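Here you get one chain, nothing else, as structure tokens; it is the form predicted on its own.
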């Protein structure tokens, strides 16, 4: 009888310990292909960087919008020209948002922003098979501030070059 109580108590302590130390699940980022990617290092850190110094400039969006602004069209054209000259490079288009709005809404808005940038590149002649999109919503701010200047920087599409 005493052994059963001891065994039950040990199992209870182990189960309680596992429950306490298991923690919460990590947040996932939405990927356009319907899969998810862990919230670990960015694709830029995981992918091999190109040998030459080829960079693409980010574009910014207005609050709660996913359409490409006139000032961003100039940047997109320059980015497309760079991609058309360097056909061996593919890109990941990351959609980002500011901290306002729910996490779910911002993930969807980030995805719309990434998709709009992809469509714009396609219209400029970049092959769709060279591009993937991902939304990080509000999870990876460029500026951690909570003011309009910071929010304006965080409403963006970021382009990561991969070979």
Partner chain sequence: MIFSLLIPLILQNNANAKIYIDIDSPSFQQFPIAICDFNNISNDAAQTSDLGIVLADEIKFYLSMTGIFNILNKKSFLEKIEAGNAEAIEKIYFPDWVLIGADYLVRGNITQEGKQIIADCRLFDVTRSERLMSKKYNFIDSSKKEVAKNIASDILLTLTGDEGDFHTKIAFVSKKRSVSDVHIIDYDGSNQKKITSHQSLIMSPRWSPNGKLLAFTSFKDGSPKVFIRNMETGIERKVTFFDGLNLCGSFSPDGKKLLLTLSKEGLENIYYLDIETLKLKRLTHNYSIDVSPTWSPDGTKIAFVSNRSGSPQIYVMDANGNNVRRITFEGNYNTSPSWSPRGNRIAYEGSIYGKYQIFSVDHEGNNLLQLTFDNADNESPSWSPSGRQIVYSSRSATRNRLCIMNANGLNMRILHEAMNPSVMPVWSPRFKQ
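Residue numbers count along the first chain shown, from 1. From a predicted model like this one, the values you see are computed outputs, not experimental measurements.
The following text describes the form predicted together with the partner chain, which does not appear among the structures shown.
- For the chain shown alone, residue 130 is not a contact residue for the partner chain in the predicted complex, no non-hydrogen atom being within 4.5 angstroms.
- Under a 4.5 angstroms non-hydrogen atom cutoff, the partner chain in the predicted complex has residue 112 among its neighbouring residues.
- Although the partner is absent here, residue 104 lies within 4.5 Å of the partner chain in the predicted complex, judged by heavy atoms.
- Using a 4.5 Å cutoff between non-hydrogen atoms, residue 108 counts as a contact of the partner chain in the predicted complex.
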